[in-house]
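The data below hold one chain only, encoded as structure tokens and taken in the form predicted on its own.
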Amino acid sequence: MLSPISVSLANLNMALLAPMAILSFGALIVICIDLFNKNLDKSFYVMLTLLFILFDFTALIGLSGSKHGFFNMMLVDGISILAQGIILISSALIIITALSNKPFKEFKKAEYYALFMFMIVGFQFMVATDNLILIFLGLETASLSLYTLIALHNRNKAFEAAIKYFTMGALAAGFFALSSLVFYALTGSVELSVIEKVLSARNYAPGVAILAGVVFMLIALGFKLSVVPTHTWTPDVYEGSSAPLAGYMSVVPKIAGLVIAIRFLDIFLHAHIVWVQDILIFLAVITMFLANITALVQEDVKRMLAFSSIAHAGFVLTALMIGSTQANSAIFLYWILFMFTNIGAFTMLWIARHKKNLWDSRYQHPFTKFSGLVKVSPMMAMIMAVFMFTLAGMPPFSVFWGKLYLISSVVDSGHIVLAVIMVINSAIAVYYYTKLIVYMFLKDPITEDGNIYIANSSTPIKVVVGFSLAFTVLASIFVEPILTMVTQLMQSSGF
């Protein structure tokens, strides 16, 4: 007779599920409220979403150490806590932009806010586990929600963007499943820690099967990180999405992908598998060059920022290849600094958003739209210039410190040529960022009505821009404490 299985709540460690449970409950609450009252103002749902994100963040900071739970499927360690913090802060800033002056249909629907919270939950599950099945479930939860949020923007290009994102996402999910299948067949486990032990004991044989599994996983993660050649969806999807959602996609899915990549690639980098490093170096170099060169010829600011985010992903990929504590800390420092600036830049585009294309038959934000902006809306021109200088890596703004530390970690690892390539690409990027500045400050204005550039502005959106701007300009004050915190969390996770 089989003995009954005994499961104790202490071993389940249900506290690790608290952050995700809070937002899942919040999403269900929003749906239930909408069933009883469909006429509530969008500001109510925005505040409710912010409240649950705050509760989630409070539960998150109550966690510490490195703990497994829920049948060993959950793993909450330093890197998980750090990534979830970035996800929640980005989400809070982006959801505030729903409080715009212009009425957009998606923000009037309660489903938008429920899907937004389910999306966050998916991303949190992705970074809070080393179990390939739970990573896949989190990936699909986040992706399916994000596809719908893009389509809710209710424009022809939004539907096109959602379909492209869905198609590429399905392809990436297939490659992720194939990779998981390969490693399960090799090791009998879907837990990355067990996979590492088994592969190490077998001296990483057979090599062909491992190569196939790694390539499949890199294709899947390359989609989330917008790494060449899986980057092709990025400019079209960003163009069809609302500016805040495009800014969100440039930050949050990528940090989730980076965490998975760090956990997965650590298996091979610590074993000094040379060909894995070679593949990562090749991907990083080709991603930086191709994205930066393509960004040079873009006619739309949002598409330029899309290629810019691809180049930034390639920049970070160089540190991913090193796998040291310094390099991993550099990745998170860089992404935190990049997060505020990039969200600020996309929010500025949202402020200038109109329901119809006033400036170009195709593009919503062509460079010509901002011609002579300094003469008709000087404050907006100055703020946008600061964000562009920052993304270009100009001192003393935030991204400069991230690039400096990232390049330092590459130099310290002995990859001098790669560091030179990073510097060259940073120089190329300066051109297309300053292109917008030239239009704003050196071209003649095409309209005398400065209000047309701030038609979608509101006090909450100004707060988001102000917060992003303050962090961008004053970053030198925060770099050292952020780096100390990130390094401690990396070390506590064993990375």
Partner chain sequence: MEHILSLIVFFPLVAVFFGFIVSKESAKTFGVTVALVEFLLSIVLWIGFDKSNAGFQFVEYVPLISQFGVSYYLGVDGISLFLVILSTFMTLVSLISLNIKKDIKNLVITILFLEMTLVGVFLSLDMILFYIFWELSLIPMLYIIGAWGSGQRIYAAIKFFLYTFAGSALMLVGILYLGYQYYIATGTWSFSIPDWYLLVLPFSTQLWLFGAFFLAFAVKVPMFPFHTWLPYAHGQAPTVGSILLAAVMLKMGTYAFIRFSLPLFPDASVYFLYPVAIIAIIMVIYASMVAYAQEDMKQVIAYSSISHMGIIVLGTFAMNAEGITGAIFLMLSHGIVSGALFMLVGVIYDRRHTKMISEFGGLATIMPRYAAIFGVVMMAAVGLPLTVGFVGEFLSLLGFYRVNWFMTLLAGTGIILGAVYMLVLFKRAFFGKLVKAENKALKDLDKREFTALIPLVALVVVLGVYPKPILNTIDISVKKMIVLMEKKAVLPDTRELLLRVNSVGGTK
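Numbering follows the first chain given and starts at 1. The model shown is predicted, which means the values in this text are computed figures rather than measured ones.
Form predicted in complex with its partner chain: not shown, discussed below.
Examine H68 and determine whether its closest non-hydrogen atom to its partner chain in the model of the complex is within 4.5 angstroms.
It does not: once its partner chain is placed as it appears in the model of the complex, H68 has no heavy atom within 4.5 Å of it.
For F44, is any heavy atom within 4.5 Å of its partner chain in the model of the complex, or not?
No, F44 sits far enough from its partner chain in the model of the complex that none of its heavy atoms falls within 4.5 Å.
Should N456 be counted as a contact of its partner chain in the model of the complex, where contact means heavy atoms within 4.5 Å?
No, N456 is distant from the partner.
May I ask you to state whether I293 is within 4.5 Å of its partner chain in the model of the complex, using heavy atom distances?
No.
Could you tell me if all three of W401, S426 and L483 have a heavy atom no more than 4.5 Å from its partner chain in the model of the complex?
Yes, all three are in contact.
Stretch in contact, per heavy atom within 4.5 angstroms of its partner chain in the model of the complex, of 382 to 390, 247 to 255, 208 to 216, 273 to 281
Residues of 382 to 390 come within 4.5 Å of the partner.
So which of V376, L171, A419, A92 reaches within 4.5 angstroms of its partner chain in the model of the complex, heavy atom to heavy atom?
Looking at V376, L171, A419, A92 one by one, just A419 meets the 4.5 Å heavy-atom criterion.
Answer with one of I133, A185, V411, A201: the residue that has a non-hydrogen atom within 4.5 Å of its partner chain in the model of the complex.
Of I133, A185, V411, A201, the residue with a heavy atom within 4.5 Å of its partner chain in the model of the complex is V411.
Out of 315 to 335, which residues reach within 4.5 Å of its partner chain in the model of the complex, heavy atoms considered?
Result: Q326 alone.
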